[in-house]
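Given next, in structure tokens, is a single chain: the form predicted on its own.
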Amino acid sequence: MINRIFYILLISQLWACNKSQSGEDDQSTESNPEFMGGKSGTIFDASSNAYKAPINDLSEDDMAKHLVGDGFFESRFVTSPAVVNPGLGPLFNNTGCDGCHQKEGRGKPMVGRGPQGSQMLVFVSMPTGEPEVPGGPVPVPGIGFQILDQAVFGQTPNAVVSLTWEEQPEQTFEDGAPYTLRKPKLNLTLADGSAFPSGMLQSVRQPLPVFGLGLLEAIPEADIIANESATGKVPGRLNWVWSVTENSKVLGRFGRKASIPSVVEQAGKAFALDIGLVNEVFKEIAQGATGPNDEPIEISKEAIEGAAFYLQTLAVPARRNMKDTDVLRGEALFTELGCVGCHQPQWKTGDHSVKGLANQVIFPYSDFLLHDMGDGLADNRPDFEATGKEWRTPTLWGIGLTETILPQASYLHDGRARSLTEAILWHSGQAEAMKEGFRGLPVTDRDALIKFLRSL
């Protein structure tokens, strides 16, 4: 606890010393609210800890809850019996939350390596059959919805997983400059050597950063719903999903296909599947189809809610270099090419019990809708109302610090893009025109657009 209190004190020091570094003196927040992206929800930190800071205006009680939740997020779990953090497995992907979300960012594009587990996940389901919840994916017999490729001593994982990369034929921008793209090749082998069920669907997923989730969750549902039919933007769809906490169909907000309705359910599902901890939020799927559902609770609902509160109260790093000529040019091109048709810049949060999350003007750069991204990015695995070609528009705030947080980081749902440029060049489907517009830009304009993204 002392170390965490020291960390909060350190953050307050970083606030002051990072003002000039991050550009607070470079542009007035009153004249340009986009600079802040939510005044109370913003931290002036461009270091490798930029995703780990709490929002401002937390009460003393909320700060205490944040610190406790941080403890759950940072914990490493072990096999039972144990005095501290028991319950790991028997099958799992990683031993703790920060094993996949390094420094609260994304994971490395790797599976099945290292003593602590995988940093990418393999989702699976069947194309037909009886879903576990109304409208949801169909579980794979003997596995469930996720390949658990790690196991405690004496147990056998679902499968052996390996991931390689296939370089695509060289292509060129319209000015003749060459580029190459890659895509993942997933190799799955059942532990006992038998075949997977015929037609099994699979999707490699790179964990998303977890900062700013409370601000996103505080956007009124009615505003997101109204956005589905808004004019002047790229048409998108909502994903209506089953909530295990409300026992009804609700709006999906989180995850690559907007298949998760809340931060609490995201946390509960991760503890249940990724770490193998039976919990009250997702007790029925704690071991997929590999274990009984009457196992004792291994992590409390209060702990799940505590970890969720920590995620909900993580701040967003402020923008940088907003008056730079190239950044301004890149921002103009981002609009001219139509990227804002999906990556909608501005939203406003509603009322909230946490002061720092309430009534904030924020700039996450997403419309939170599903869009058809074409055959190249398709995983062909539906998830509730999302098709195998559809993905929720990812947020872009903080993306400019991705490689500061994790130098080995990559982009897109499966980590195939080694740079922001490659991520754009994989766009297709409803984003084909925007991708082609980018390909047609001269190199100075392409560089300016990337520089704008790196300012976010």
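So that there is no doubt, residue numbering starts at 1 and follows the sequence shown. Keep in mind that this is a model prediction, so the values were computed, not measured.
The same protein also has a form predicted in complex with heme C (HEC), omitted here; what follows describes it.
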Picking from 88, 124, 322, 213, the single residue whose non-hydrogen atoms come within 4.5 angstroms of heme C (HEC) in the model of the complex is 213
Students should find that, of 316, 241, 342, 357, the residue having a non-hydrogen atom no more than 4.5 angstroms from heme C (HEC) in the model of the complex is 342
Pick from 250-258, 178-186, 164-172, 347-355: which stretch has non-hydrogen atoms within 4.5 Å of heme C (HEC) in the model of the complex? 250-258
So, residue 208 and heme C (HEC): in the model of the complex, are they within 4.5 Å at any heavy atom pair? yes
Any non-hydrogen atom of residue 100 within 4.5 angstroms of heme C (HEC) in the model of the complex: yes
Against heme C (HEC) in the model of the complex, would residue 411 count as a contact residue? Criterion: heavy atoms within 4.5 Å. yes
Answer for residue 448 alone: is it within 4.5 Å of heme C (HEC) in the model of the complex, judged on heavy atom distances? no
Looking in the model of the complex, is heme C (HEC) within 4.5 angstroms of a heavy atom from every one of 63, 64 and 278? no
Near heme C (HEC) in the model of the complex, with a heavy atom at 4.5 Å or closer, the residues from 417-435 are 420, 423, 424, 427, 430, 431, 434
